[in-house]
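So this first bit is one chain, no partners, the form predicted alone, shown in structure tokens.
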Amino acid sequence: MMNLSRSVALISLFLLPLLSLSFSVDNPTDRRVLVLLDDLSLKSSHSIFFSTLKSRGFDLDFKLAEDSKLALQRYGQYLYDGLIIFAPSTERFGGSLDSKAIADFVDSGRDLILSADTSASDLIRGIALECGVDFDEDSSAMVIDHSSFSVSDVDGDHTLIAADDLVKSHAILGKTKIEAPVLFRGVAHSLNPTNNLVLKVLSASPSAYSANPSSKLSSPPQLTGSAISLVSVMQARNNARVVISGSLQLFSDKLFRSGVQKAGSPNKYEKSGNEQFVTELSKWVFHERGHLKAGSLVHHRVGETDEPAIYRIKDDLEFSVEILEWSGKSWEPYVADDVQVQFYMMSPYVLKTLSTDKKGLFHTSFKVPDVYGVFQFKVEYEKLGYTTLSLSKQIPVRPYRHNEYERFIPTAYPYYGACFTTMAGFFVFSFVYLYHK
């Protein structure tokens, strides 16, 4: 028994360093991803998507969603840095995995891809709801569009949507424009209006609505038009990223290889935009793009290089910070014209837009305000598709010492003049009073 305990202890010592090699700001790639499936046949029917992830260096661990040995943590350390759930019909996960464990997984800064369809269970709907996404309550409803459907579905129920209303963000979908429409067949969802962290990436057209395609409408549908989101993303305050799709077929080889022509459009494409859309979106969700890191805040007086422990009011100072962006393989200089610094005490006394040298260094100079107290240099950068930067450094500001004021203050000249005028007036008055007859 004692030998067994020693063996377990030794195994733990070897495993803990490996388990701690999770996602870090300095190394966003080489990550391990758990893929949960409700049917192992999805490995072959969605093989192109999985192959693109493997080709980019991701280690995929495929498991059935009801596997009794499922676990995201071991010895208090996370085993995975990303989670893909392609198990819409699963009513209950196996092992120690549940909706709370997945919420904690995202709260720890890790990433999630969640896909649903018409068979979406309450478990899947609940996870999506935690992220600010609400699937249509009618479990039999699908997105129907009689204007923006694929012509291959001309005689069908128009549930194969040819969607082209994409979010305009190079950080999320890359710089290469997705020319072909994206094929979508699945369920609609709406966004929680009080959650400003969730965003539509692929939206339905104004003519779309959510209803049961096999029955006639007895009442107006609850979800219609541009209120319907087909694919949404969320970036949490800790920079964890989540993708939620209403269609599992969106990731399938069949739709990747399908040709597409949108109804009413003369343009015909040999291949849909699904593969490009999903590939670019997966790069974003796994931090291969739009991931920023910043160096320390550097500041000093003009003409000096050392950082002072305290500033004096009206000092001229220089400020700089280095910001880099992960390109998927290495850190590259981040170039932007909207990074700002605040010189802050209760409220910003100075707000300056930083200039850049195009090499990742952002800098500016300004005069310390004529107010003393404890200030902060603050850089809070939020931009669509990019990780949030929040940096601050505290610095006190003192007033002039008694021996640092000017000998004669220009603003006091009227008082000086009044003093000497009074003296001169008194002298003249005394002279006249004493010697006038």
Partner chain sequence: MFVLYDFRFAVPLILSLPSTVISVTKKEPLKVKVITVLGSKAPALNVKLAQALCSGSKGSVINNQELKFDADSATYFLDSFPKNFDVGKYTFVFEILPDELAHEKVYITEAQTKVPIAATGAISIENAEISVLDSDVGSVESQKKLDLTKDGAVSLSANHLQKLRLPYQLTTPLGHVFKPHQAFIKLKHESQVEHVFLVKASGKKSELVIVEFLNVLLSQENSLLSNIGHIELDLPERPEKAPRPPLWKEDFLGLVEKLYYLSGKYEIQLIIGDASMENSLLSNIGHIELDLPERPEKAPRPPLQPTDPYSRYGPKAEISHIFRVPEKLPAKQLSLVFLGLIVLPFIAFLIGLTRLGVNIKSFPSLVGAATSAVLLLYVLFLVEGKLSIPFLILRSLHQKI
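Numbering follows the first chain given and starts at 1. We call the rigid core whatever largest set of C-alpha positions still superposes within 1.5 Å between the two forms. What you see is a predicted model; the values in this text were computed from it and never measured.
Although it is not shown, the form predicted in complex with its partner chain is what the next lines describe.
With its partner chain left out of view, the stretch that reaches within 4.5 Å of it through heavy atoms in the predicted complex is, among 208-216, 324-332, 123-131, 289-297, 208-216. Residue in contact with its partner chain in the predicted complex (any heavy atom within 4.5 Å), chosen from Thr305, Thr176, Thr353, Ser365: Thr353.
Proximity to its partner chain in the predicted complex, taken as a non-hydrogen atom within 4.5 angstroms, holds for one residue of Val278, Ala240, Leu114, Ile144, which is Ile144. Mapping the unseen interface onto this chain, His158 counts among the residues with a heavy atom inside 4.5 Å of its partner chain in the predicted complex. When its partner chain is considered in the predicted complex, Gly259 lies well away from it, no heavy atom lying within 4.5 Å. Contact check for Tyr269: every heavy atom lies farther than 4.5 Å from its partner chain in the predicted complex. Taking non-hydrogen atoms only, Asp61 never approaches its partner chain to within 4.5 angstroms in the predicted complex.
Taking its partner chain as it sits in the predicted complex, the stretch 385-420 comes within 4.5 angstroms of it through a non-hydrogen atom at Arg407, Phe408, Pro410, Thr411, Tyr413, Pro414, Gly417, Ala418, Cys419, Phe420.
Superposed on the core, the two forms differ at Ile409: its CA moves 2 Å or more between this form and the one not shown.
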